[in-house]
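Quick setup: the structure tokens below cover two forms of a single protein chain, split into structure 1 and structure 2.
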Structure 1
């Protein structure tokens, strides 16, 4: 038997060695991508310089000279473009955050209704889902704006909800709390009540993880917060006076004064995003619940758990592992779909940015800012949802 020596085998050249080839290919691809990016950026900068408008963000300090219908911060025509963009960003955050919260609530309700044994509830939920999922969002938003909220009665013929709210074609006016003399004292009590309620909720949650019998920890925290907030109210009232009062809207002249005004534009984009997205979330919730084995429900029934307890303690916690990943995509879609607010006149980031482009002629800079803002929103949403998904997924041993 002949023994082969190491010298009898020719060494494999590095360009044929798979270990080196993988590294070489990756380096080549990265270099090509970087070179392509450099070429595109240089081409962009050269083109802008040839047009006499080199890339610059100095225009953000120029006065905007245009009005914005809604703003969460102080703004006027003499404010800068930078502040105008900030107004648009805050308006986008406002409609996106509220949209996510209410779309989730309605989506869960409709998704559970899709599994109801009641024929009427089941079919109504099915019609809701199938109809809304097959209507383009832009068309739905324009319908809500032109055919619903702008068709409400005039101010002098406003629909009243016992004086607490008024529906008009100029907006919806609702009663709203306003700070009073004791607010400066009460707000610190309120903050302390919230922190204590949060601590109680965390303690109850950890107790449930330890014992295996998960209580309604969020309800415990909420009850503690409400009780302490009520007690703090009377303490602040005794120390510094009434912390807050309810400001009721009232018709004065040709419009309502007082309370909180919700414009038709905001209501159109908010309602459209909530209703449209909730239809997709409902299907995600339905699929997640149906993904849980029937044996889990049967075991819960055998233990004597009610239908609500079974859903809360057994079915829904397991369904979350299936629900959360696609739910994240719907949250991202809702945030990006908020850019359609320009179609109904709501001054979100895209609408304000479009106005600045028309006035300042700085399309590249403004679009880069908008892309960066939407990218940041999406990454932060994904980061939070991935963190939550990590804490709810099934850990294998």
Structure 2
């Protein structure tokens, strides 16, 4: 019997042996996927070859020959395509970074407001969330661009705030400090004041830890910094002349000049992203807060903490653990959604990239670069958020 069984077992060919089959299936799938990829890539390369435009990144060194409306770095039509892409990348970073910061702030405020016992605040927050979460972002952006920012007063009828700020459909202009003669000296004073302020704050904090009575260490540091900065202003004024002056915007020729300006294109994409994403963040924050058990709040109240203290010291730190993972995906969404800037004319990476596709005819190459850049942004964001998540999660002993 036993010998028969053994020979039977040996007779089972490998394609009927489950142990081998499991491996074979996996190999099959991998081979199929790789073959499909090879076919697609080869198809692309031979296709481009046939058109006489083989894959090449040499075009990045050629003069771009077009102008870009707004740029954080020096850029002109004689700059290279690579630099044009860099302008786009920086513009994307600008709108994404500011967008994430402001969306978080608004989102937290609205999220807490939705839990308010005040009927009006509660309902307003609910309307904000439900309305904005349910309008497609592109529709909202085009509405902002064509119906809000382009419909602001024209340049010669600009709305003015006592000459300190102007609101027009060419942008928002605000007064802004500009470095002047004494700046070279003053910037070192300013740095020194900051460092001293920081040191004072750290000393006060350590003192608090040692004595168990925590002083307002951040206020200490700030006061020291401000006092030193003001004093050194006059020293710099005495040594090298006025360190900074206020640059007031004024109508020169056809446009405002001076001060700090924000274009309507930037305002449209920025406002759109912030408002849209903050509606989602508000829901995440609300869910996070509601996930903290009722006993925690009651315990905090029993200890005699005020409403604000309960929120800041007890509820929110615990809610954060629930909030962070879904928050990460909202940040990623915001960064990726910033590519909709093309619809409102803001020169972000995608808008500049598409112009290059057309002017240089390098569709595949530019799309590859753009995908690479967005992927890098997203991976860096999640890397940071994962690190932060680890940092704040419940420590179990």
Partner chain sequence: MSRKVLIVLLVLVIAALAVAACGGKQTPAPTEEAAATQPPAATEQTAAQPTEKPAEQPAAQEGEGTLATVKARGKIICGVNQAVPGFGFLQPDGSFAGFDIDFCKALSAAVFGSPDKVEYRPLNAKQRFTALQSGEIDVLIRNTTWTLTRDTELGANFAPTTFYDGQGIMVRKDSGIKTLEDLQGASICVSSGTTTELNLADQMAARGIEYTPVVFETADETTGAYLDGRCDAYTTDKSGLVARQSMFPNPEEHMILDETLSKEPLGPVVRHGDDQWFDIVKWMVFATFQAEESGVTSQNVDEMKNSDVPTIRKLLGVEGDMGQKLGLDNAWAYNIIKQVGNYAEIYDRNLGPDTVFNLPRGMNSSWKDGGLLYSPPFR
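Being a predicted model, the structure only gives us computed values, none of them experimental. Between two forms, the rigid core is the largest collection of C-alphas that superpose within 1.5 Å. Residue numbers count along the first chain shown, from 1.
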Pick out the form predicted together with the partner chain: structure 1 or structure 2.
2
Superposing on the rigid core, do we see a C-alpha displacement of 2 Å or more at residue 205 between the two structures?
yes
Taking the rigid core as the frame, does residue 193 move its C-alpha by 2 Å or more between the two structures?
yes
Core-aligned C-alpha movement of residue 182 between the two structures, 2 Å or more
yes
Cα of residue 225, core superposed, displaced between the two structures by (Å) 5.2
